[in-house]
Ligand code: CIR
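Below sits a lone chain in structure tokens, taken as the form predicted alone.
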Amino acid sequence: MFKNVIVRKPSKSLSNGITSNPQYGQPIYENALLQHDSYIEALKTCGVEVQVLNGAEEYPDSCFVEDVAVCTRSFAMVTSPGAATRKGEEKEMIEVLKGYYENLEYIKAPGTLEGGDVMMVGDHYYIGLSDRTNQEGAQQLIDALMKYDMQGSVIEMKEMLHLKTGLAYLEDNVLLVAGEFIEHPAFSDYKKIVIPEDESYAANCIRVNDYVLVPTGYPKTQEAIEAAGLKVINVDTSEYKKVDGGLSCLSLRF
């Protein structure tokens, strides 16, 4: 069960965020704010306490707080973002995390790690090797997990921006999968909900206690999740999609 969530308001500089999809256009700040408010309300419906941090104008992507920390049951790992324009964001989160955790660990250079590449399944953490997370960063996280009696394993990636771009663990051995992860041997033992290519963005869902937050506008994905017996809350993240962001990116959940 999650008890706490940390989010950060989008900044007006969000329009300068990193994107691999310029065809979607720049995010509209006012709409992004409204969507963020709706996201917070959806989280509260799931029964968590939400701490809302102010936007950080100097970091256009700073609303994507998931990337700057990995929150486990025993410690928080302060990451080292692999994107040059995001370096420094993680320092803004240290004092916030100290309000929740006695134990903080830190990714050290030359390691890089972003939380979007880390998927928690109980006490096991899958770590995707991407353009943002390297082998050294992944190994540092695995070493820290072992120190606290948890485990981690590395997933080779070829297509996705982040591991959780194409994966979402929905508890009870149910895994949402898209793209290169559909046939990936590391996930062969899970009960898979396969996301069709035309709804691949919706693979980035989040299970928060008794609900699954699903992006608005992906009916096949919603239907498949509901068919698995799970309750869905729709949240519009269309402004964040323009800068490669999704539901999991916008919060730290623990």
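Note that residue numbering follows the sequence shown and begins at 1. Here the structure is a predicted model, which is why all the values come from computation and not from measurement.
Although not depicted, the form predicted in complex with citrulline is the subject of the following passage.
The partner is absent here, but in the predicted complex a heavy atom of L161, alone among I127, M93, A144, L161, sits within 4.5 Å of citrulline.
A residue is said to contact a partner when one of its heavy atoms sits within 4.5 Å of a partner heavy atom; V243 meets this definition for citrulline in the predicted complex. Although the partner is absent from this view, C249 contacts citrulline in the predicted complex, with a non-hydrogen atom inside 4.5 angstroms.
In the predicted complex, no heavy atom of L230 sits within 4.5 Å of citrulline. Only one segment in the set 33-41, 189-197, 211-219, 57-65 has residues whose heavy atoms sit within 4.5 Å of citrulline in the predicted complex; it is 57-65.
If you take 128-156 and check each residue for a heavy atom within 4.5 Å of citrulline in the predicted complex, you get just R132.
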